[in-house]
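Only one chain is given next, in structure tokens, and it is the form predicted on its own.
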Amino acid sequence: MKFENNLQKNIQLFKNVLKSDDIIYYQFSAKQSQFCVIYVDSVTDKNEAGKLVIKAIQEQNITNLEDCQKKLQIPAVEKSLSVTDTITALLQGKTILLGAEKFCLTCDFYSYQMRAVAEPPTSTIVRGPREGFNESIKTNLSLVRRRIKTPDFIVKNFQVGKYSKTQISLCYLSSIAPESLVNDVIAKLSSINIDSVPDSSYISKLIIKRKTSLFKQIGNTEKPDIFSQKLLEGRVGILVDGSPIALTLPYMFVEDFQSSEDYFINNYRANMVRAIRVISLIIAVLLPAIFVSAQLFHLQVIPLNFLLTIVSSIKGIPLSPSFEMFFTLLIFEILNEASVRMPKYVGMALSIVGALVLGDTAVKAGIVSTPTIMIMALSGICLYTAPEVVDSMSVLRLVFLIIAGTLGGYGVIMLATYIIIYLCSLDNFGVPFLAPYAPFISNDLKDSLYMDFVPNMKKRPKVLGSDNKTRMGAKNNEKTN
């Protein structure tokens, strides 16, 4: 559809397509000319539009759109020749100025209600920046721009979603990020065909290579400082309008054992905390399975004094060790899900009833034993030391428990071996999932499960394939080998 030299016909072009009641058409006159402002009532700042457009045109006696574009102080004003493109811009929140010409003007008078910038609930820290992304992509880009002030910072915008027309911004540093990685991500984003994109998690599921894998394959963060540092290492980032969670890729498994606070505290403390996270995750996944397999198949590996304690505690328990542990795990998962879904003021009462009353009553009633409760409680606590992998590891814990109850310790070892082999074969956009350990890359060990002193981290991660390898001690934009 094309515009015509008639205002009423141009207005009718919009009314034929836009039948919603919140599309406002305001006609006004200036001198001998007629104009019309079209906007979406719920997303436009009407006061700004009235002051900078309608009032200004009437005061200056402007007679055509060419003069409007030249004389008015309108923010982000653009000329549009296509009715279809103009309708898309209108639905995204832009204000349309129509006249009796074969084009129109679009300008920005956004008035979205959005959440304030605050510390994200999923990434609370004691030291370091506390700002977090919110649901506005413009706000999120401004938070990143504050931290990366270079012309090398590139933002490429995409519209994804047949009906939602969601804006997606691909962010990277042209002097650091590998060109092949950028082109690969651009191709995947351009190929997405979906009705709507309500959150960035949809994008991550659509662009990953192995869509049925249990393990996370794209990094995510709600903090602009982490996002910026990932870009400076040679990764690319994706921001999605309406989502406070940004995506970073390529992603490596060791990232989930790292925290932004590690870089702001003492190195010895940071390394101790990372070791605790690794050990805790191993305990969370394997401890229930090992305990069950030892009771059923390998009593000889249990110390005598502990074995006597177990025997005395399970006396009179009607369930087998595997069903007992499975029942306890089921109760734990139910309590966890209920505490998340229930209102906050009920959550505390639920924790008291579930953890204290229900657990104590179950032991006294002889349904489960005290060691089983202790093992499951320890496993549940350890699981949340690495919250980013809770989803996949909670499923693995259940699988290990089932294997331990049927095949014993040998089954646990075989399953663990299979998972390690599978993870070694996994890659994300050309980067091995278990790098820098498989394959072994000595240069990247300075910031992996072990963290070296910051002054010693002079090179960017080699596994990311950036040509600009030096990040400390070299001039800006200088490519060094």
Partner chain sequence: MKKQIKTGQICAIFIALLPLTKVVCAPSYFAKNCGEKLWQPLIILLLLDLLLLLTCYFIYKKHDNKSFYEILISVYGKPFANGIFILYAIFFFAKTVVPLFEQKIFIENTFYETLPQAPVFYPALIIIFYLALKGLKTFGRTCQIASFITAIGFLLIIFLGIPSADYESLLPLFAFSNKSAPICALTALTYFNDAICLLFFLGSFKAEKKSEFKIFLSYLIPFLCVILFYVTFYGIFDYVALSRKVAISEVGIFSVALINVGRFDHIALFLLALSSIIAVSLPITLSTHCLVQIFGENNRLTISLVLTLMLFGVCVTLSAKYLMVFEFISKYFAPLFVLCGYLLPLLGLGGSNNELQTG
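Just so it is clear, the model here is predicted, and its values are computed rather than measured. Positions refer to the first chain, counted from 1.
Although it is not shown, the form predicted in complex with the partner chain is what the next lines describe.
Enquirer: At 4.5 Å by heavy atoms, is each residue in Val301, Thr417 and Cys424 next to the partner chain in the model of the complex?
Expert: The answer is yes: all three residues contact the partner (heavy atom, 4.5 Å cut-off).
Enquirer: Is Leu434 near the partner chain? Define near as a heavy atom within 4.5 Å, in the model of the complex.
Expert: Leu434 belongs to the contact set for the partner chain.
Enquirer: Within 4.5 Å, heavy atoms only: does Gly219 come near the partner chain in the model of the complex?
Expert: Gly219 lies outside the contact set for the partner chain.
Enquirer: Taking the partner chain as it sits in the model of the complex, is Ile282 near enough to touch it, meaning that at least one heavy atom pair lies within 4.5 angstroms?
Expert: Although the partner chain is absent here, Ile282 would stay clear of it in the model of the complex, with no heavy atoms inside 4.5 Å.
Enquirer: Since only the chain is shown here, I'm wondering whether Ile413 would be in contact with the partner chain in the model of the complex (any heavy atom pair within 4.5 Å).
Expert: Yes, Ile413 lies within 4.5 Å of the partner chain in the model of the complex.
Enquirer: Which pick from Pro178, Pro120, Gly93, Gly409 sits with a heavy atom within 4.5 Å of the partner chain in the model of the complex?
Expert: Exactly one residue meets the criterion: Gly409.
Enquirer: Looking at Arg210, Lys79, Arg145, Lys188, which has any heavy atom no more than 4.5 Å from the partner chain in the model of the complex?
Expert: Selected option: Arg210.
Enquirer: Among the candidate stretches 232-240, 256-264, 292-300, 154-162, which one is within 4.5 Å of the partner chain in the model of the complex when only heavy atoms are counted?
Expert: Partner-contacting stretch among the options: 292-300.
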